[in-house]
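One chain comes next, on its own, written out as structure tokens in the form predicted alone.
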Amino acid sequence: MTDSCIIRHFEHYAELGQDDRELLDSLEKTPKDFSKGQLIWQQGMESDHFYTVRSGWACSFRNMEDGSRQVQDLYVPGDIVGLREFAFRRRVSNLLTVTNTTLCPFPKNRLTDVFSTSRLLCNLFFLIAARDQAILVERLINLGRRTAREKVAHFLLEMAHRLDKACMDVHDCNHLPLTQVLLADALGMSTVHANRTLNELKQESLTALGPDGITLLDRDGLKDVAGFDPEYLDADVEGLLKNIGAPASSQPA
């Protein structure tokens, strides 16, 4: 199996030819290790790389004028971080590690080489970007229209579903290394409200709370609470690749 983060990620969607593998491998730089709670970049810094998450979790966030924080997204193994900033010269958010994390950098200014050389890789980049956009749209619905119980259950299920589909090995897809503060910041809730809601789900034996995060005990029960439909996470990889005559990966996308 290849050590390249970006190749492993793309092979989760499609079978790559030797030329595509060599192109990606030539652009990816040496993986970097970061400790838990480390700030990788800050809003306003030059946006020169995106990263593939080899292991661990990270989150993007914005600091608000009143001193609070809005978490915009969380990234799990296999995710690409920073792709949304392709069109911007500077970072539009901050990036923080949630756990000890290994990231593989990829120079943003070399994406044009990929786009001009490989039709397959170009389509896969757009597929990943479209899926990220769908996640943000669903997050907006979660923040604006669901009750506290619904939004917490929905968010936990989304993260577990994303772990299910991660192209890296994940020890336990039902365990999420999330603090109550991080969950509250991601869902626009107070920490007290998030704590109360999580304890309700715990009392119903739907989740378990521990010092190292939240564990999902009953996904079906959480789905009943949230009305969760994972279709927005299930991109039509086969349909996209069929249009360009490329074989899909044997792994579920």
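The numbering used is simple: start at 1 and walk along the sequence shown. Owing to the predicted nature of the structure, the values given are computational and were not obtained by experimental measurement.
The form predicted together with the DNA is left out here; the points below concern that form.
Put simply, residue 174 is far from the DNA in the predicted complex: not one heavy atom of it is within 4.5 Å. By the criterion of a heavy atom within 4.5 Å, residue 192 is counted among the residues contacting the DNA in the predicted complex. A residue is said to contact a partner when one of its heavy atoms sits within 4.5 Å of a partner heavy atom; residue 117 fails this definition for the DNA in the predicted complex, lying far away.
At the 4.5 Å threshold, heavy atoms of residue 141 stay clear of the DNA in the predicted complex, well away from it. Only one of 223 to 231, 27 to 35, 56 to 64, 181 to 189 lies within 4.5 Å of the DNA in the predicted complex by heavy atoms, and it is 181 to 189. For the candidate set 42, 199, 70, 215, a heavy atom within 4.5 Å of the DNA in the predicted complex is found for exactly one residue, namely 199.
Interface residue among 92, 129, 137, 148 relative to the DNA in the predicted complex, by the heavy atom within 4.5 Å criterion: 148.
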